[in-house]
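Read the single chain below, which is given as structure tokens and is the form predicted alone.
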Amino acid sequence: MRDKALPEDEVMRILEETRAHDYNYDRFFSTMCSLPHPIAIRAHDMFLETNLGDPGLFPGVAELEERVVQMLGELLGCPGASGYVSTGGTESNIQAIRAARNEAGRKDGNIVVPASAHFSFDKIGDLLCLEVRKAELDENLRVDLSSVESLLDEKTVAMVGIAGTTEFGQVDPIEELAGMAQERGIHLHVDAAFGGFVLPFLDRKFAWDFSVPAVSSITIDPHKMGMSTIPAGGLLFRSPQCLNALETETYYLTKARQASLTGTRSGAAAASTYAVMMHLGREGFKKMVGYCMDLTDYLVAGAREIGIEPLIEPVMNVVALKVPSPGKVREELMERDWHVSMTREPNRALRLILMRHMTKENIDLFLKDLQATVIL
């Protein structure tokens, strides 16, 4: 830290120069986040200093969080769901599994997740001292049910299904997983960090949310397809007892017990999410998802014209393209300022996310560079 103050203009100049080092969203195919909606930014700024960790001091924003949880519950098939606005999918997944472990009363348990699960579940195994068992995928890149069955035992505290896998955008067979969970009395968690704001607005319908009776908890991220500001995640439980399993006494705050993982929590995230959901409504989100799916179809059609096929037919706005030497292709595209990523082995492919910041014009430019790169 400096000994003497630096003029505000000089500080802002340094910040502006540093910000210019960041890349622009219009070249991003690799991220599941996007530019927040303008109303989300305005709401975020309005509640910038509020702290949901001490709700008695900020009852207004605490009320907004309750409304957000109710709206998310309605969206996911359970208007009476309990939960809170988290920092994102990783925290929500940690807390869901922590609740399942605490309810099961085991400290030496295991969880069964798909091989396609987000890397947050590896962190969970480490943090919560749980064995993470990874089930194989079927030919459609959904979790293989027989593989799941073979990994379950009396020490399994939770099963996980993904509704919108990070790499492929695929939806696991949640109803079948729910049947296994219900038969054994195991907590079933659905990670819909990305898919939660996509699947309800697709023409094609899936059974994946709280409408499936044995689903116990769901992760959903407003700062992804929900167009809220970062960090705004969501964790919902069907039963308030699950949330109670997370509570810790908070001796000196305005509320006696706290269920969230973090203590201090940004009220701005809740306000931002509330503003977007109220402003757009189901109609607005359906239009936005429709736009992203149109972009997805446009990209896949264009890729096929240059002889490149998707690994699977896209379920949502996530595309995995089969290209020769995907690592090399990715490096070449990055040199041309296209920010793309890859899927893991054994299904190595070029991974593209079609978010609302993308345009057909930029897809055309990308496909031209992709064709040149593959030919090289």
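Numbers for residues come from their place in the sequence shown, where the first is 1. Values in this document were obtained by computation on a predicted structure and should not be read as measured data.
Separately, the form predicted together with a small molecule exists; it is not shown, and the next lines address it.
- Although the partner is absent here, G83 is not a contact residue: none of its heavy atoms lies within 4.5 angstroms of the small molecule in the predicted bound form.
- Interface membership of S325, defined by any non-hydrogen atom within 4.5 Å of the small molecule in the predicted bound form, is ruled out.
- Interface residue remark: P173 is not counted as part of the site for the small molecule in the predicted bound form, having no heavy atom within 4.5 Å.
- Although the partner is absent here, S120 lies within 4.5 Å of the small molecule in the predicted bound form, judged by heavy atoms.
- Every residue in the set T166, A193 and R351 has a non-hydrogen atom no more than 4.5 Å from the small molecule in the predicted bound form.
- Exactly one listed residue, out of T156, N93, T296, S216, brings a non-hydrogen atom to within 4.5 Å of the small molecule in the predicted bound form: N93.
- Of the residues given (V69, M32, L321, L333), M32 alone sits with a heavy atom within 4.5 Å of the small molecule in the predicted bound form.
- This chain is displayed without the small molecule, yet in the predicted bound form the stretch 23 to 31 from 23 to 31, 305 to 313, 38 to 46, 55 to 63 comes within 4.5 Å of it by heavy atoms.
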